[in-house]
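Below sits a lone chain in structure tokens, taken as the form predicted on its own.
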């Protein structure tokens, strides 16, 4: 009896609704990999936002950086619930991330080069979480969809911040009450109720 596989009704129910769980696990692993590596690279990018102009940008990068960590924390438990896991080797984890690494540009003294890199990273995240939402929408997997759409809301907001800084177009960015607030996902990855 101890060696019998345990039936996981939560997985079985979403498979019956048409979700390819193995494909979803692959998407989630790539998505959380991108969130984790973005957190790392944004730490470096933030440190290089220097000078009078850089100080204002640094705070916005910090909001996006901490919120991306929260996205990682919010989705990893769902990955494990579905039978997935994180790679044991961080190098493999980073290599399978769903978005390219946000390396510090050689021209980092020009803040525009950092802002363009940040924008590209957010746009990749939007594509990634949109794919998860499309796969789980319409009641196919309400739990994964709920987490992914909350992450997606914050990624769209991050994109708007960096577009505003590059183009002077209004974005609706507002100062968070505290660093890492994550208005849709919640601090430390806990989902908040809207």
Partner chain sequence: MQHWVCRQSDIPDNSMKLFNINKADVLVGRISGRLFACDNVCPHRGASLAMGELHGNNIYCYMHAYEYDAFSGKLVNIDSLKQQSNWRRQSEEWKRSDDLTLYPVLEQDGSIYVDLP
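Just so you know, these numbers come straight off a predicted model, no measurement behind them. Positions refer to the first chain, counted from 1.
In what follows, reference is made to the form predicted in complex with the partner chain, a form of this protein that is not presented.
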* Contact between residue 48 and the partner chain in the predicted bound form at 4.5 Å, heavy atoms? -> no
* Heavy atom to heavy atom, is residue 98 within 4.5 Å of the partner chain in the predicted bound form? -> yes
* **Distance check, residue 90 to the partner chain in the predicted bound form, heavy atom within 4.5 Å** => no
* Asked: Contact between residue 104 and the partner chain in the predicted bound form at 4.5 Å, heavy atoms?
  -> yes
* Asked: Ok, 133, 163, 27, 66: which has a heavy atom sitting within 4.5 Å of the partner chain in the predicted bound form?
  -> 27
* Mind checking whether each of 23, 94 and 128 has a heavy atom within 4.5 Å of the partner chain in the predicted bound form? -> yes
